[in-house]
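Next up is one chain by itself, shown in structure tokens, the form predicted on its own.
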Amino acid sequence: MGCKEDYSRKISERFWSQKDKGDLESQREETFIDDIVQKRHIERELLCSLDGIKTVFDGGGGSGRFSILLAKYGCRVTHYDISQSMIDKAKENAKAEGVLDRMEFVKGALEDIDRFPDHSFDLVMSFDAPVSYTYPHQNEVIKHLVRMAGKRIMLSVSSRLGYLPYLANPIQKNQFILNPECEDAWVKWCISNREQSIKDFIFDGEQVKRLYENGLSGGDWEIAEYERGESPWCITYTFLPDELKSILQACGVKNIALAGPGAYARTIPNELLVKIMNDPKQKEEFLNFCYVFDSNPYVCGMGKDNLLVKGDI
């Protein structure tokens, strides 16, 4: 554990600081259907939660998908990220949207947010699971995020129940490719390696059991890759719904609601998802129903990647 503790932040910073990462992340909704579903769900929750919100902290704000959105709605936003390349892309996007003057950009790791005073922002948010990449400090980071919030907190973290199917499905991302002819390198890799991934697959019951029991994805392999100069995926702590709810309740958060964006979409094959997404009327009706279905507490743990939670201070 000590070794993983030493490496977790370093691996995250290198991965998210890759030169093209900001551009790629800002294009995800043009590339993958699961990103469309998840981000539309979060956007809807945010826009329903802005009553009395004037100041916002976006922890792990990336290329600015949600920080810029709230700046456009008149909020003063502190955009905080571990990656300078992400911040640079977010600044570029904010300038293009005309909201640069309503945003402050700060580089830093979520493990270091103790610098911010108590209740210093009306809304504290952190989406697409940066909290999960702070292992083994994820609980402490959540406590600090709650401490900083004056009125409301909204987070999405990696979902343990949502992650477990990945270990039995090496081609899960192919289901959500929107345009197989696009130039995205990951899309090309998923398509070209599909058959080999199936051929090489072996179900590892012990690996599945370990993730189910301890929630930790990654470790020794990622550390070895990092030491070789590569940029492996982050060491990730995955949460169970009741676990996340209990952490927030212990911090005094009230009116907690959980959701699992992508739970409905992951039941539908790629051919039908693409057909839906390419018809504006079907797309809107589909996304509207996804929001209803994915907000049901009985499916909140089975979202595609993330477990979304919101609550009042």
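All residue numbers refer to positions in the sequence shown, first residue = 1. These figures come from a predicted structure and were not determined experimentally.
The form predicted together with a small molecule exists for this protein as well; it is not shown, and the discussion that follows is about that form.
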The small molecule contact in the predicted bound form: F66, any heavy atom under 4.5 Å
yes
With the cut-off set at 4.5 Å between non-hydrogen atoms, does D128 touch the small molecule in the predicted bound form?
yes
So, Y133 and the small molecule: in the predicted bound form, are they within 4.5 Å at any heavy atom pair?
yes
Interface membership of M86, the small molecule in the predicted bound form, 4.5 Å heavy atom rule:
yes
Contact residue in the predicted bound form, chosen from R266, H41, K245, R28 - any heavy atom within 4.5 Å of the small molecule:
R28
Give me the residue from A149, M103, L110, A90 that has a heavy atom within 4.5 Å of the small molecule in the predicted bound form.
L110
If contact means any heavy atom within 4.5 Å, which of 57-65, 246-254, 43-51, 282-290 contacts the small molecule in the predicted bound form?
57-65
May I ask whether S159, L164 and Y212 each come within 4.5 Å of the small molecule in the predicted bound form, counting any non-hydrogen atom?
no
Distance direction in the predicted bound form for the C-alpha atoms of W233 and L273, relative to the displayed form (3 angstroms or more):
farther
Per the comparison in the predicted bound form, the Y226 and D20 C-alpha atoms (change 3 Å or more) are positioned farther
